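Have a look below at one chain only, the form predicted on its own, in structure tokens format.
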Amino acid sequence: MKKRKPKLAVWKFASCDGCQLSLLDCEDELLDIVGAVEIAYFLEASRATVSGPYDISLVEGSITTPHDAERIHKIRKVSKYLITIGACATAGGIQALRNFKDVKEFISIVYANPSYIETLSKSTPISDHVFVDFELRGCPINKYQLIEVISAFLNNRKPNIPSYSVCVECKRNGNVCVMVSSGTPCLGPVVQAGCGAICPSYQRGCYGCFGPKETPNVFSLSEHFLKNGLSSADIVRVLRNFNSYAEPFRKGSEAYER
């Protein structure tokens, strides 16, 4: 009897689709994934769908509407493992900047007929609504990390994803620290590795695409920024980016906003 392939589903919520494209960008590796699983639901790649339940669900995007808040519960019920991918799904994304303001003001300014807009007051990560088995961060995610996560869950082991900071990647690349050498503000000390330290490699500070690392000392870094000439308003802007609503960054920015 032929063994059934595990079913993989990919779901989209409020996002730019960049993390789903990272899966398609796997190219040669994607053939191995297709060989190991049945891609049962992935509208970015195909209109053909297979009904659940699903062994692995990859979820991109944040929850921003009442409809999505209901839909994610339905997806959780038909998924053995639910893995969130990208800054939107794990921290609310760039759209979570609305969380620091009154979204009703934006609606009345942007839309001619605000009465037709149905939205929540905040953009929130998937984990605020349902249990998540694993969070893969990044804006966009690292495609090799995605392959590692899928492989790990297919083989019932823990994903080998680094929890250390971007600074470690800088050291491995032989980069000169931009903060030490030129005083450039950089979030590298508090941001999780995964990008390969792209921005510091080009003498730019880290923007925090991969979100906070384990136990980040955001306050200490912010105080360093203050001593080097940044204002409190500057610190708020630095922390409010792709992962602005991740708890360490959110609390850090709110502390300096006051």
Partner chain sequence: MEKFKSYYLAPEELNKIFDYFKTRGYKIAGPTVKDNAIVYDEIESVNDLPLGWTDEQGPGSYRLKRRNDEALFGYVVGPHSWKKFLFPPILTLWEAKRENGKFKIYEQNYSEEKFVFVGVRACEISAILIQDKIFGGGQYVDPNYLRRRENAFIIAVNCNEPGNNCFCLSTGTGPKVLTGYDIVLTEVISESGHYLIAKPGSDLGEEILASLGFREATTQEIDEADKVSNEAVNKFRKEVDLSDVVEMLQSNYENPLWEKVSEKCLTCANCTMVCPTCFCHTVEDVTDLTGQSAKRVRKWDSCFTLEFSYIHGGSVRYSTASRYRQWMTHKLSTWKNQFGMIGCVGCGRCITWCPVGIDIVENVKLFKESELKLKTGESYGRGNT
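Just so it is clear, the model here is predicted, and its values are computed rather than measured. Numbering follows the first chain given and starts at 1.
As for the form predicted together with its partner chain, it is not shown, yet the points below apply to it.
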Option touching its partner chain, based on a heavy atom within 4.5 Å in the predicted complex, out of L120, I72, I83, M179: M179
Among the candidates R76, H129, K171, K104, the residue which, in the predicted complex, approaches its partner chain to within 4.5 Å (heavy atoms): K171
4.5 Å heavy atom contact, D133 to its partner chain in the predicted complex: no
Contact flag, S165 vs its partner chain in the predicted complex, heavy atom cut 4.5 Å: yes
is_contact(E38, its partner chain) in the predicted complex, heavy atom dist at most 4.5 Å: no
Contact of H224 with its partner chain in the predicted complex (heavy atom, 4.5 Å): yes
Which of 60-68, 43-51, 229-237, 216-224 sits within 4.5 Å of its partner chain in the predicted complex, heavy atom basis: 216-224
Heavy atom contacts to its partner chain in the predicted complex at 4.5 Å, residues of 132-170 in sequence order: I147, E148, I150, S151, L154, N155, R157, N160, I161, P162, S163, Y164, S165, C167, V168
